[in-house]
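Here's a solo chain for you in structure tokens, the form predicted on its own.
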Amino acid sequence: MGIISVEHTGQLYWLGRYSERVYTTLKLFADRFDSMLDLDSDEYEEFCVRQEIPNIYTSKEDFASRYCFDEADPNSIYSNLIRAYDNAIVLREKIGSMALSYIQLAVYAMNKAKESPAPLLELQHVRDNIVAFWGIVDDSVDDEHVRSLIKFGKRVERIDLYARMRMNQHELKREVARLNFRIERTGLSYSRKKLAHINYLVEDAPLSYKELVEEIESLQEC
């Protein structure tokens, strides 16, 4: 196992978080695309509230376009994908050229989707490339510490997003179990008290989604 600098530790963690953020928010967007564009639907407004992002959008159609593709919107899926790409670029020696290439392909697919009259298919290609990136990291990165830092960020982000969107409690229990397995392999310091509380929260009924978001966000600072 090689020595990983503090800077690279944070970049690997955030590469995991940003890649997961793109993957899951695209899934949420695709699943809700039709209902968001219904004449009487205000679902996109609720989406913004749950994600704690400012509702800067003027209509459902404006949201569908800008939330996906607006480079100037720091909360857009596009912006988060570029953050993942920026981290992958500086981590090329840690993750390898092939892993980086799948993040590059995801950016390419996102740009194609932006120009497409039917963007959902190209957006699926973005997700497919993110999955391929994770697969290559698993298959080709020999350093378990590198893999674990990416996966730890991925799990933190997924739990955060699932809790914000009030996902099924069973799914959250599953993701927390994966987090428990991964966190010990990162070598990071974290609050064992908070981790224990996170495990308690996903077993409790009714689940306090707000409290879970607060605890997962403060479990580890990178």
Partner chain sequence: MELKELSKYSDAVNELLARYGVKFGIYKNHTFKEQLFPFDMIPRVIEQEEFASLERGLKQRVMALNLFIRDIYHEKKIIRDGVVPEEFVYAGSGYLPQCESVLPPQGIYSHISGIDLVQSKDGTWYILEDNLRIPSGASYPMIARDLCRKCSPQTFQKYRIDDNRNYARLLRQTMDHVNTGGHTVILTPGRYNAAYFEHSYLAEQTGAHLVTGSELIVENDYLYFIDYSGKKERVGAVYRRISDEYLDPMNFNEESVIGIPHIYDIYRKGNVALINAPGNGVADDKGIYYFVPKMIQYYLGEEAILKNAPTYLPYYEDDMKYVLEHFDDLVLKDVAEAGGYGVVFGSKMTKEEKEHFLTLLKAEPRRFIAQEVIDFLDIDIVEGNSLVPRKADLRAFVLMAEEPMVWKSGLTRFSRNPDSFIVNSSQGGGFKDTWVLSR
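The shown structure was predicted, so the numbers you read here are calculated from the model rather than taken from an experiment. Residue numbers count along the first chain shown, from 1.
Below, we refer to the form predicted in complex with the partner chain, which is not included among the displayed structures.
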In contact with the partner chain in the predicted complex (heavy atoms, 4.5 Å), from 183-191, 60-68, 24-32, 160-168, is stretch 183-191
Residue contact check: His125 to the partner chain in the predicted complex, 4.5 Å heavy atom: no
So in the predicted complex, does any heavy atom of Lys94 sit within 4.5 Å of the partner chain? yes
Leu121 near the partner chain in the predicted complex, any heavy atom under 4.5 Å? no
Would Asn75 count as touching the partner chain in the predicted complex under a 4.5 Å heavy atom rule? no
All three of Thr9, Tyr85 and Leu105 touching the partner chain in the predicted complex at 4.5 Å, heavy atom to heavy atom? yes
Within 140-154, which residues have a heavy atom closer than or equal to 4.5 Å from the partner chain in the predicted complex? His145
